[in-house]
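A lone chain, given as structure tokens: the form predicted alone.
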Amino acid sequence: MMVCEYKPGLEGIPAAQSSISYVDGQKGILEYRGIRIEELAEKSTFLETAYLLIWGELPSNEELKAFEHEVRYHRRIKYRIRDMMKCFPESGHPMDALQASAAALGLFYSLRDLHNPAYIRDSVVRLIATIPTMVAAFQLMRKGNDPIRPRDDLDYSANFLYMLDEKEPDPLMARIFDICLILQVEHTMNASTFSARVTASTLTDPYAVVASAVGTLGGPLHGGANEEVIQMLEKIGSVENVRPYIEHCLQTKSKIMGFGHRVYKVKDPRAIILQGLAEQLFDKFGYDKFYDIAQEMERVVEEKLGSKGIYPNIDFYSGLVYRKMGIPTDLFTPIFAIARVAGWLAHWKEQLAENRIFRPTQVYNGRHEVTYTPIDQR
């Protein structure tokens, strides 16, 4: 019997063939369907990028308008899901609320017609449209308030920001938020995407696929890291405390949140774009002292760990951007999910095209030939 080499975390082991996105971690390149992330952030919109990822090509003007129209008019959620969400504990994390709500959505659309293009499109539209509504609704309901109805006259990102506080957002803020979604929508075979593909390979419905991926994204080593970056900056408190904090982390071998990436050995290209977006927000809406702390952290970490390829990742600056927008810290990861749903659905659709259920092996390191001991002798 051949013994397979064990790689913790499946590091470096291909789990699928995919044409959705590409990363060169040595050069800091990220492409969606061959298009550089810098170009999409400058020229595209989130929904156009979502269409590109899911259907493989940039849409025509008519195709994009039709997709935007469908998403716009599917934003409302079933009143029974709203009633269910009202029963969630106020202390619950929004990611847990989102996972439960996404799974519950599948109860209303239980047909699994996975070979029907119309079913696939309807599912894509419904999930992309309603996930932001669920996030915003729970944010208000946990404060004892009724959720705010979506506005059909607002685009995707502006509508989400509006649903948080019933104030129409500044156009620059809405555009920057839309770019943030573009940056977070897809990133090859990360943990949540792998979870989505494993779930998809069983031929379950797309709502279960998204719910499983949401649960994976919520961990602090994945999407939850951006929340911990803000908590870290608050703990450091001042520029003067940065170096002692980092030196303590190195001495105790503690993780420095927002730094390092399994793939990138240079500064994450998404972090570079996000840093520029943060500066745009500060220029228009006022400075944030945490940005000075963040810049000093980047300098010290590069000095100490740059030779090991440890630089800021997407989580380091995304929290600063969302914080300046007035978004609560525990909504950072649900916003990540709002974006990443489109990436998960692209992988769901790709998995269905040539599906084979995932069934990895294991390296057994337990005992053999153990004799059963009767209970009265234990």
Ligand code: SDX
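Each residue number is its position in the shown sequence, starting from 1. From a predicted model like this one, the values you see are computed outputs, not experimental measurements.
What comes next is about the form predicted in complex with ligand SDX, which is not displayed.
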Is ligand SDX in the predicted complex near all of Phe67, Arg75 and Tyr119, within 4.5 Å of a heavy atom of each?
-> no
Segment assignment from 135-143, 302-310, 155-163, 77-85: heavy atom within 4.5 Å of ligand SDX in the predicted complex | 302-310
4.5 Å heavy atom contact, Phe259 and ligand SDX in the predicted complex | yes
Interface membership of Pro206, ligand SDX in the predicted complex, 4.5 Å heavy atom rule = no
Close approach of Arg126 to ligand SDX in the predicted complex, 4.5 Å, heavy atom | no
May I ask you to check whether Ile314 falls inside a 4.5 Å heavy atom distance of ligand SDX in the predicted complex?
-> yes
None of Ile182, Leu105, Met95, Ala225 but one has a heavy atom within 4.5 Å of ligand SDX in the predicted complex; the exception is Ala225
Which residue among Gly237, Gly276, Pro244, Pro220 has a heavy atom within 4.5 angstroms of ligand SDX in the predicted complex?
-> Pro220
Those residues of 335-372 with a non-hydrogen atom no more than 4.5 Å from ligand SDX in the predicted complex are Phe336, Arg340
